[in-house]
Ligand code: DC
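Only one chain is included here, represented as structure tokens and corresponding to the form predicted alone.
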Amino acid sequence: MVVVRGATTIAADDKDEIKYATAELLKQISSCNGLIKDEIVSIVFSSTSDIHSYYPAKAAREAGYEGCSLFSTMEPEIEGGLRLCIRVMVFVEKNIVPRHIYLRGAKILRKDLTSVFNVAIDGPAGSGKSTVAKLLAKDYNILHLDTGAMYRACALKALESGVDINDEAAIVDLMRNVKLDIQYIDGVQHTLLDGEDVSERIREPHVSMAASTVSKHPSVRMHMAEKQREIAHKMSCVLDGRDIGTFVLPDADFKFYLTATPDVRAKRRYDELLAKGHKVDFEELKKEIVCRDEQDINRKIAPLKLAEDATLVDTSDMTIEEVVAFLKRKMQEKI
């Protein structure tokens, strides 16, 4: 069972207004979620205490939703609350990621769903930021842009081309002739380097270390940051990295900084690499993570640090699900 939520407002407590707004809201919910009426089990409405002329449930039945159970209730009066508002919960028998719909004046209730917004998640390697970013983007049905993959792809190209990753000029020259594409297939980001999908190869430890070095070069960071800002300006998205909230998107609507102890982060990365078939030594991996922390924290351009307006989250003793729930709660509090 999946629940799709929604809300709308009416201009006045009028029967025709209620009928039209209710039908419009249900039509949008059905259309955006690919629903047919037979998949709807029940619809529960609540309306603010200033709506008396007609029951939204009756309006829904007249709009053709007579095949499911319908309920209406009145909300208690809340001082300063939104006036003339109809809320709905649609219960459906369909395995979908729900798209919640907020129309008219009710858009103010969920700015995260009704306007372009960006979420910046920063933190060191193994803090869980990439996994959390993916889940958060999925829950909000928005884009997840893995910024680190772009730097990793450049590092991979440099390593395979025999270019010194410490030579900024050589890296810049290399980038001029590299075709780097980001594609989203079935909700998953794929990184293409000169037409080849390198999504798995860029996650290897030696590439990660090289990416940290490549990303220190000012010209490289400026080039990548500009591309990322262009994407974020056009659509709502979640970006994770090491300088998203401080450099790439300093005006992001929501900012988080995830961290964990080195032991916990090393264990997470160790398990991840083992699951992918890579043979790694735990202690060596831990040393690499600590070394990368030092590189990222001490680089001159856009170093890894906590943005002043970011929420610090220590994920050492939290599950991924707990972290996602915490971030969503903080976002809703801000809204």
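The structure displayed is predicted, hence computed values, not measured ones. Residue indices: 1-based, along the sequence shown.
Unshown form predicted in complex with 2'-deoxycytidine-5'-monophosphate; subsequent notes refer to it.
The three marked residues, G6, I86 and R104, fail to reach 2'-deoxycytidine-5'-monophosphate in the predicted bound form, with no heavy atom of any inside 4.5 Å. Though the partner is left out of this view, T147 does reach within 4.5 Å of 2'-deoxycytidine-5'-monophosphate in the predicted bound form, counting heavy atoms only. None of the heavy atoms of R268 is located within 4.5 Å of 2'-deoxycytidine-5'-monophosphate in the predicted bound form. Although the partner is absent here, Y151 sits close enough that one of its heavy atoms falls within 4.5 Å of 2'-deoxycytidine-5'-monophosphate in the predicted bound form.
At a distance threshold of 4.5 angstroms between non-hydrogen atoms, A232 is out of contact with 2'-deoxycytidine-5'-monophosphate in the predicted bound form. Shown alone, this chain has one stretch from 250-258, 135-143, 208-216, 86-94 that lies within 4.5 Å of 2'-deoxycytidine-5'-monophosphate in the predicted bound form by heavy atoms: 208-216. Contacts with 2'-deoxycytidine-5'-monophosphate in the predicted bound form, taken as any heavy atom within 4.5 Å, map within 283-302 to R292, D296, R299.
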